[in-house]
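Shown below, as structure tokens, is a lone chain in the form predicted alone; questions about how it binds or moves come after it.
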């Protein structure tokens, strides 16, 4: 699904990521741990193709095609979707129009908006006056409408209160086709016999692991991919020793 090979990235002339290498297969969900300022959001922005992230070296492949220098809209059209950590507010654009744009002519069931407890927000402008949890549900609804094959989630638990985190987790599992009943699949656009969607979730706190199962974990520290392995074991190491000591132990 995704292959990152020797990726080095700069922002404003400063190197942020150095020699990043990893792969995500179809049906897999990966967790990327890292402290603030380690380059997590830079990596997702680079994978999505935002112009401010300059690829100095390396390659990005999506479903066998090199996309290293493709613009954002072409990556989205090919099946990559992103949940922002801090999504923009778009005044004058109602949510129901935004969902139509994301769905590209496909019908989005009202059952889906009700499941996300978002039906009462559909006439409001995108993210205008939304709480943290409401913004996350807005982002997930847009992704469900887009129906991408690779989902990039930037700290989905940040800014979400305890009442909303379980709903956010259930919605992410539906998006990633994990623990989805036939009834939950109906609002989506096609029923799959096996899970094919892949995900990369970045987190600072690790709390999302209580709600979303991940297959593999990675640690990014000071712009480098430092560890790979079982996400629960990595998170336990981080909790006990901190990021710096955990990385030194792995080396």
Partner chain sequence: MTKRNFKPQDFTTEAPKHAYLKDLGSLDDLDRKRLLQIGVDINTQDRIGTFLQIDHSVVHSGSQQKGLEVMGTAKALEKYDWLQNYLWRAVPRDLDEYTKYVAAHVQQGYFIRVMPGVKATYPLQACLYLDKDGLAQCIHNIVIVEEGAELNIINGCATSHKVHTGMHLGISEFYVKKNAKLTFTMIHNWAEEMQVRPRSATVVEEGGVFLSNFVCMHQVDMLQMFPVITLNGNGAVARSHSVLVAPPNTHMDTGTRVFLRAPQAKAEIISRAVTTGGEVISRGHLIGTEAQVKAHLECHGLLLSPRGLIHAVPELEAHVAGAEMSHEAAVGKIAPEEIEYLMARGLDEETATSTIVRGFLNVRIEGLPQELQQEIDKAIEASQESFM
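Keep in mind that what you see is a predicted model, and the values were worked out from it rather than measured. Positions refer to the first chain, counted from 1.
Keep in mind the form predicted in complex with the partner chain is missing from the figure; the text below concerns it.
Asker: Which residue, 158, 77, 131, 109, is the contact with the partner chain in the predicted complex, using a 4.5 Å heavy atom cutoff?
Answerer: Of 158, 77, 131, 109, the residue with a heavy atom within 4.5 Å of the partner chain in the predicted complex is 77.
Asker: Pick from 122, 174, 98, 167: which residue has any heavy atom within 4.5 angstroms of the partner chain in the predicted complex?
Answerer: Spelling it out, the residue with a heavy atom inside the cut-off is 98.
Asker: Flag residue 143 as yes or no: does it have a non-hydrogen atom within 4.5 angstroms of any non-hydrogen atom of the partner chain in the predicted complex?
Answerer: Answer yes; at least one heavy atom of residue 143 falls within 4.5 Å of the partner chain in the predicted complex.
Asker: Would you classify residue 65 as touching the partner chain in the predicted complex, given a 4.5 Å non-hydrogen atom cut-off?
Answerer: Residue-level check for residue 65: no, no contact with the partner chain.
Asker: Taking the shortest heavy atom distance, is residue 118 within 4.5 Å of the partner chain in the predicted complex?
Answerer: Close contact is absent here: in the predicted complex, residue 118 is far from the partner chain, nothing within 4.5 Å, heavy atoms only.
Asker: Is it the case that residue 105, even though its partner is missing from this view, gets within 4.5 Å of the partner chain in the predicted complex, heavy atoms only?
Answerer: Taking the distances in the predicted complex, the answer for residue 105 is no, it never comes within 4.5 Å of the partner chain.
Asker: Just one of 45-53, 220-228, 203-211, 24-32 has heavy atoms within 4.5 Å of the partner chain in the predicted complex; which?
Answerer: Contact criterion met by 45-53 only.
Asker: Using heavy atoms only and a 4.5 Å cut-off, decide whether all three of 13, 20 and 59 touch the partner chain in the predicted complex.
Answerer: Looking in the predicted complex, the three residues 13, 20 and 59 all stay beyond 4.5 Å of the partner chain (heavy atoms).
Asker: Hey, which residues along 83-98 are within 4.5 angstroms of the partner chain in the predicted complex, non-hydrogen atoms only?
Answerer: Heavy-atom contacts within 4.5 Å come from 84, 87, 88, 89, 90, 91, 92, 93, 98.
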